[in-house]
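One chain comes next, on its own, written as structure tokens: the form predicted alone.
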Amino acid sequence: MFQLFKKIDYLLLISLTGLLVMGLLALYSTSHTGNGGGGTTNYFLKQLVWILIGLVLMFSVFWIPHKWIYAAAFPLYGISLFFLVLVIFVGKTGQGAERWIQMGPLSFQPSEFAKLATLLAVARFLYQGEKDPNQPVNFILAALFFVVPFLLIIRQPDLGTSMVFAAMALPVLYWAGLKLSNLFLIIMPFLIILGSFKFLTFLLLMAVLVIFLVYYKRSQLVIIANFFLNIAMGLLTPVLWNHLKPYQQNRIKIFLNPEVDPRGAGYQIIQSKVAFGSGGGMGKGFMEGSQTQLRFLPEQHTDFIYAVIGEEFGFLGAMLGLSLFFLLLFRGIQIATIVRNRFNSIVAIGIVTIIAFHTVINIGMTVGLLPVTGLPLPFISYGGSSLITNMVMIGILLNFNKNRYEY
């Protein structure tokens, strides 16, 4: 027993503990606002319960043989797809989306569980037979593991969570051996979609694509196929835009200019910026933030909880949070680098990608650098499904670090 504790990665635990404490402090503040707490008083206590459950699961995953994680990959993926389909029929609706399944007094979000299950399944697929993702068949099959849950989640609709699968796919496939040149060709259609809103940008991207294909001496068939594929993506951009829900379109429009609708769709971003700005260098003090205590800041226990930290603990508190995330992610990359088992290495880099994507998107959203997506801040935002999934992922990293010399 004591030998196991000696193998624990304490850098991971220190950064995790710091983030959990920071989240609890912010939730305690938001749960005891100037109106007596209203219906939010339970957020702090509920999160504390979820943390205790998460710790039990995290250390359970840490102690089990790492081969069990490999063996469970495909069954867990199948279970996750089952629940993603089930949510279509019995899902609990919130803010226009069916995302939760109610089980007695509890509800859980299958999409959170699906992130980890999909990562494990892809890693096992690539590990078996040392598959090369540069081979078209292997790449397509690996991509399908991501595409299926992506489509099921985007149907809910939950654009923010579905984008996690797209963001996770490329680093995982690159870490498994996908060449940079092939990675560029995969990314280009997405850049074309973004650039198609301005014709000049679209032309410049197409010129870069042609130069790239010629420079790397790709076959004529590859050049023609990529050229027409990206042209088609540019033409499809208006169609894709029109298929977004009105609230999704508004989020993008308001992100570009939140002052257009300061009391409507732009309200969240504006109030979040005010909270950060009023916090200054040292912050207003714990439970002293006016934006938080007077409840001007919306969704302050979930989406915009980092603005609570910025207001009450200031620039120093916000930087402390960033430093803890950096330490956790840096250590995760180190573990992915040093483990000898290829499956473990791929899973580790995928875990780092998931946490990093959530962190960048959420913090970027709260400071107005990115559109509002509804992605929670790992280990800090309120939410049982997200917190437990993230803590299980930390347990997997701890497990792989403990078994880093095993194949």
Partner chain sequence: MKKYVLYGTLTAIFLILALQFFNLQISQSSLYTEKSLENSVKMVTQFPVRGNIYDHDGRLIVDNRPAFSLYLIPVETTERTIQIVSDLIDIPAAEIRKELRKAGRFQPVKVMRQVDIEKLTWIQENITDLPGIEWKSEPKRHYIRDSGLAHLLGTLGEIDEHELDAYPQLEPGDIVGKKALERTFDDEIRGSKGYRFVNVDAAGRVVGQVTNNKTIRPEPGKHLYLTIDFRLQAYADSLMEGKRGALIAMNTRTGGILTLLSKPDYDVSKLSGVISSEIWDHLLNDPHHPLYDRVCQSGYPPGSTYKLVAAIAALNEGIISPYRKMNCPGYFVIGRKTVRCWKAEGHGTLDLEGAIKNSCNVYFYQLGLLIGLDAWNKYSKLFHFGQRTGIELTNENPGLVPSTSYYNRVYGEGKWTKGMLANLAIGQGEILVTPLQMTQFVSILANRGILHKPHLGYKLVDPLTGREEELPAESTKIEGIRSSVYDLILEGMREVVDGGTGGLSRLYGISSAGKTGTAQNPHGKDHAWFIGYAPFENPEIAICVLVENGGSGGGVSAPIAGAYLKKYFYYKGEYDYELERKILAAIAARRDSLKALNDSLQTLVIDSTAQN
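It should be emphasised that the depicted structure is a prediction, and the values quoted were computed from it without experimental measurement. Residue numbers count along the first chain shown, from 1.
Not on display, but discussed next: the form predicted together with the partner chain.
- request: May I ask you to choose, among F125, Y77, W175, F146, the residue with a heavy atom within 4.5 Å of the partner chain in the predicted complex?
  value: Exactly one listed residue reaches within 4.5 Å, namely W175.
- prompt: Among Q334, S162, T237, N226, which has any heavy atom within 4.5 Å of the partner chain in the predicted complex?
  reply: By the 4.5 Å criterion, the partner-contacting residue is Q334.
Quiz prompt | Interface stretch in the predicted complex with the partner chain - options 191 to 199, 113 to 121, 309 to 317, 213 to 221, non-hydrogen atom within 4.5 Å | solution = That would be stretch 309 to 317.
task: Please check if L322 has a heavy atom lying within 4.5 Å of any heavy atom of the partner chain in the predicted complex.
output: Output for L322 is yes: heavy atoms within 4.5 Å of the partner chain.
ask   = Looking at the partner-bound form in the predicted complex, is Q135 within 4.5 Å of the partner chain by any heavy atom?
value = No - in the predicted complex, heavy atoms of Q135 and the partner chain never come within 4.5 Å of each other.
- prompt: Going by a heavy atom distance of 4.5 Å, is G364 a contact of the partner chain in the predicted complex?
  reply: Output for G364 is yes: heavy atoms within 4.5 Å of the partner chain.
Can you tell me whether I354 touches the partner chain? I mean in the predicted complex, with a 4.5 angstroms heavy atom cut-off. Contact check for I354: no, nothing within 4.5 Å of the partner chain in the predicted complex.
**Message:** For the three residues G277, F330 and L369, which mark the spot I'm curious about, does each lie within 4.5 Å of the partner chain in the predicted complex through at least one heavy atom?
**Reply:** Yes, the whole trio is in contact, each within 4.5 Å by some heavy atom.
Determine the residues of 291 to 306 with a heavy atom within 4.5 Å of the partner chain in the predicted complex and present them in sequence order; the list may be empty.
Stretch hits, in order: Q291, L294, R295, F296, Y306.
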